[in-house]
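Okay, so we've got the same protein chain twice, two forms, each given alone as structure tokens, structure 1 and structure 2.
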Structure 1
Amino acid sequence: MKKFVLVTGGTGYIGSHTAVELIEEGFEVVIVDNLVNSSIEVLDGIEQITGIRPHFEKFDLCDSIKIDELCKKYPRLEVIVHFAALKAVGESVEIPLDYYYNNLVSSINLLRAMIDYNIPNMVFSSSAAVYGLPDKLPVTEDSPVKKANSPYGNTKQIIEEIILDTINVNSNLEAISLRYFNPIGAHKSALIGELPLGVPLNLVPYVTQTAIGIRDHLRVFGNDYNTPDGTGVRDYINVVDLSRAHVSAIKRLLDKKCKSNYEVFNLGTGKGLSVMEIVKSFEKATGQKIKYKIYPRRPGDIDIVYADTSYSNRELGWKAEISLEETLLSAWNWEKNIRKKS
């Protein structure tokens, strides 16, 4: 009998790729999304890749009544994979209350539903932002959680604390927080990928939109960081690799292999790359020249961060495997494909 998994924010970037991996692993996927930052057409892409259309419910997770109705409709839910959130660092600095309300209330509602409807497992989409400006690199799971550099990062810290506090008084619940570094790329089919609404807030879609002519140039925010070329350094991980880690985490929960009721894992490649290294790698992989201009730093950004992935590699039996060249080429193929449709 198939295991039912609820994927919140499942038509979003990481959620849609994880839905594909879950379906291909034999899970029954139920997606909830309010479509504020995604498109209903993503379901078509998931279906084209897997041959199966996931269950879909459109509503806002801040509506607890709708969550009750969902849990009654799908009484066999065993795992919640919680992606749904506002997630732009810079925007969160400008409109912090929107981020605190949306991200915290939706998470609290889901945790209440887990208790009320006996849904025992959660995989939480967390972030390397919880480490703030790390004291030393690479960042391990034991690195201190520090004051966040943005309201977005702070919501991830707070939600992790809420999950832990909830689990501490509900022994039948277990959760894993996956702390992402920087997801990039698209599915190799070019049927799903990152689809920002308006001006992209992440690097790679800005690069691909510049390459295809939608943007006149790439805006590089800061060239005075304490890094080899002055641009910010991050750990960029292929979104499919990232999604496969969620499958590993779910299996760990269902197979009762967790060492405690609450675990955290870093998801990255273990290697940092600068903005300009990504630009040059994209040019090499695709043959497209990228025009760029230097702009002031954005509020909330830090110089450098990358992961130590040895613990997640060992415990989850997972590691990032897809090359940077293949990743950037997949992002470019996705960009070209969506422009054909528009």
Structure 2
Amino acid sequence: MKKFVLVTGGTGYIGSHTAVELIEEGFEVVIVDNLVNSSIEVLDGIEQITGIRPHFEKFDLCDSIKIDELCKKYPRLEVIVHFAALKAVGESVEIPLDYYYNNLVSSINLLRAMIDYNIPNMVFSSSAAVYGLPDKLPVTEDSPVKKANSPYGNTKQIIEEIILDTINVNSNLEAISLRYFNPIGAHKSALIGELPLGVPLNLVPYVTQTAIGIRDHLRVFGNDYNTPDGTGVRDYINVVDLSRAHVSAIKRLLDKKCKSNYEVFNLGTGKGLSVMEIVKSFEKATGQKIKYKIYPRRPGDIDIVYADTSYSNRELGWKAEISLEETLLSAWNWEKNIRKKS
């Protein structure tokens, strides 16, 4: 019998790619999303790729009554993969209460539902942001959690703590937090991908929008960092590779392979790449020239951060496999596809 997985935020960027991987692995996917940062057409993309349309319920997870109704409608849920959140770092500084309310209340409601409706497993979308400015590189899961430099980052830290506290007193519950480094790219079909609203904040969407002519040039934020070419270094991971790690985490929970009721894993490639390396690789992969100018450092940015992935590779039996060139090409194909539609 197919196992039911609830994917919150499943019409969003990472949730939609994970829904595809789950459906392809034979899971029955139920998506809840209020579409605050995604669109209903994403379901068509998932269906075109997999041949299966996931169950979809549109509501705000801050509404606990709606969650009760959901759990009654789908009594066989075994896992919650909790992506739903507001995620814009800068915006979270402007409207912190919206971020704390949305991200915390939705998570608390889901944890309560796990207890009330006997849903034993959760996979939570956390972030490498919890490590702040790391003392040592690469960053292992044992690296200390540093004071967050934004309300958004703080919601990830607090939710991890809330999950741990809840699990400590509910021995039938288990959870895995996955700390993402920098997810990029799109599904190779170009039928789903990232849809940034307005001016992109992240590097790769800015690069693809520059290539297609929506932006005049890429602003490279700082070339005087303590890195080989002076530009910031990050660990960019293909979103499909990232999604596959969720499937591994779910299987680990369902197969009762966890070493403790609460586990944490880094999701990255283990390799740091600079802004200029991304630009050059994009040019090579796509044949598109990227105009760029050097700008001052962006406040809050750090020089260099990348993951130690040995623990997640070993324990999850998973590894990021898709090449950088293929990843950047997928981002470019997705950009071209959405502009064709609009």
Ligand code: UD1
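Here, a residue number simply tells you its place in the sequence of structure 1, counted from 1. Model, not experiment: these values are computed from the prediction. We call the rigid core whatever largest set of C-alpha positions still superposes within 1.5 Å between the two forms.
The second of the two standalone chains is derived from the form predicted together with this ligand. Y292: CA moves 2 Å or more between structure 1 and structure 2 after rigid-core fitting.
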